[in-house]
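We begin with a single chain expressed as structure tokens, specifically the form predicted on its own.
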Amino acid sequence: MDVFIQLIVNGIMLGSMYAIISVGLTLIFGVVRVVNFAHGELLMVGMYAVYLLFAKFGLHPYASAVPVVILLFCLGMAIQRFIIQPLLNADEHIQIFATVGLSTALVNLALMLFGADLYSVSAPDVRRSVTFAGNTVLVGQLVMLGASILLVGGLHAFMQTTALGRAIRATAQNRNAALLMGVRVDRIYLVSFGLGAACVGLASALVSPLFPATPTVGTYFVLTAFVVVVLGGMRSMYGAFAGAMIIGLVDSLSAYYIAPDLKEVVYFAIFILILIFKPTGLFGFGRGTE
């Protein structure tokens, strides 16, 4: 029983990491209606930025969250403005090819600049373990859990209470109606893509003390993020959070009770079943981003 509880705790902590990454992906798709296959590479860029700030200036990875979030927000807006926006009226497969091409370009750029070596950030305080009720977690995992809850809650408050948030929701629900109401849809797309990328910037600052930066580090995380957002519902932030917790638990339990090498098989099987039987996801409904 103690082992099972520890596995549940581990799954929740793992799910909180997936949640921060997946919420940004859901926000971009919910508003801009583009599946961003370069989402993982944005995480990779953020992790390298965290490493450089640590190596050059001695900045703690959590302290680097502010400049990295700003950097990723600006990068996200640039991607939207110069790559996605000219293709908004193109076929969906053209948009997909554009983001896949961007993903490949960023990976190869990282290989040119940093090589294939691992770059780690030293943060002993983040890796310190805490024991409560017989269960052990890392300080970094607890911070990530709190950050994921605050992120979803903060985005909810932003969407519900601010004029910009309401404009984003209106654009997500019906672009043409939003245009008729005077909403600058192109600007909303810029801000939404920037916010989605900024979420990845926050994730990179929290993940960096626990995982080394490599050119392909984003691939693993983004594949899991796609499973999460499909499970939760492609347009639902709350669904993304719930889906991340489910996948985290599945990851933890299947790695222990089946085999560590087969855990991806389990949740990708769930991914396929959801696509077949409930393509809107367990918590997805209608149009727009909740």
Partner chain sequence: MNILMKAALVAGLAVSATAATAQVKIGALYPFSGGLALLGDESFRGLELATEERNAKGGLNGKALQIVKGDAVDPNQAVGEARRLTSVEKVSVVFGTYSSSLSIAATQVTELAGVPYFELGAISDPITERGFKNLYRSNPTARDFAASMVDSIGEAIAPALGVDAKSLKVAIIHEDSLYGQTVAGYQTARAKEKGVTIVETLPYSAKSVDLTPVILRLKSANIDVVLQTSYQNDTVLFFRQAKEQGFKPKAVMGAGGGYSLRETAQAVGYENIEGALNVDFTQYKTNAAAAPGIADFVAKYKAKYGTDPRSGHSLANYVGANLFFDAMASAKDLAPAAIRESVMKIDLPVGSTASGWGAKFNEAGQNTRVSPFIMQWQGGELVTVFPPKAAVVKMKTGLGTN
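Residue numbers count along the first chain shown, from 1. Everything numeric in this text was worked out from a predicted model, so none of it was measured.
Just so it is clear, the following notes concern the form predicted in complex with its partner chain, a form of the same protein that is not shown.
Novice: Within a 4.5 Å heavy atom cut-off, is Leu210 in contact with its partner chain in the model of the complex?
Specialist: So Leu210 counts as contacting its partner chain.
Novice: Please run the contact check for Ala63 against its partner chain in the model of the complex: heavy atoms, 4.5 angstroms, yes or no?
Specialist: Output for Ala63 is no: heavy atoms all beyond 4.5 Å of its partner chain.
Novice: Although the partner isn't part of this model, could you tell me whether Ala255 comes within 4.5 Å of its partner chain in the model of the complex, counting any heavy atom of the residue?
Specialist: Yes.
Novice: Hey, in the model of the complex, is Ile20 touching its partner chain, heavy atoms inside 4.5 Å?
Specialist: The answer is no: Ile20 has no heavy atom within 4.5 Å of its partner chain.
Novice: Using a 4.5 Å heavy atom cut-off, which stretch among 22-30, 65-73, 247-255, 52-60 contacts its partner chain in the model of the complex?
Specialist: Comparing against its partner chain in the model of the complex, the contact stretch is 247-255.
Novice: Using heavy atoms only and a 4.5 Å cut-off, determine which of Gln173, Gln85, Ser120, Thr162 is in contact with its partner chain in the model of the complex.
Specialist: The residue in contact is Ser120.
Novice: Within 4.5 Å, heavy atoms only, which of Leu150, Leu111, Ala78, Ile96 is in contact with its partner chain in the model of the complex?
Specialist: Of the candidates Leu150, Leu111, Ala78, Ile96, Leu111 is the one lying within 4.5 Å of its partner chain in the model of the complex.
Novice: Go through 144-179 residue by residue and record those having a heavy atom within 4.5 Å of its partner chain in the model of the complex; state none if no residue qualifies.
Specialist: Heavy-atom contacts to its partner chain in the model of the complex: nothing from 144-179.
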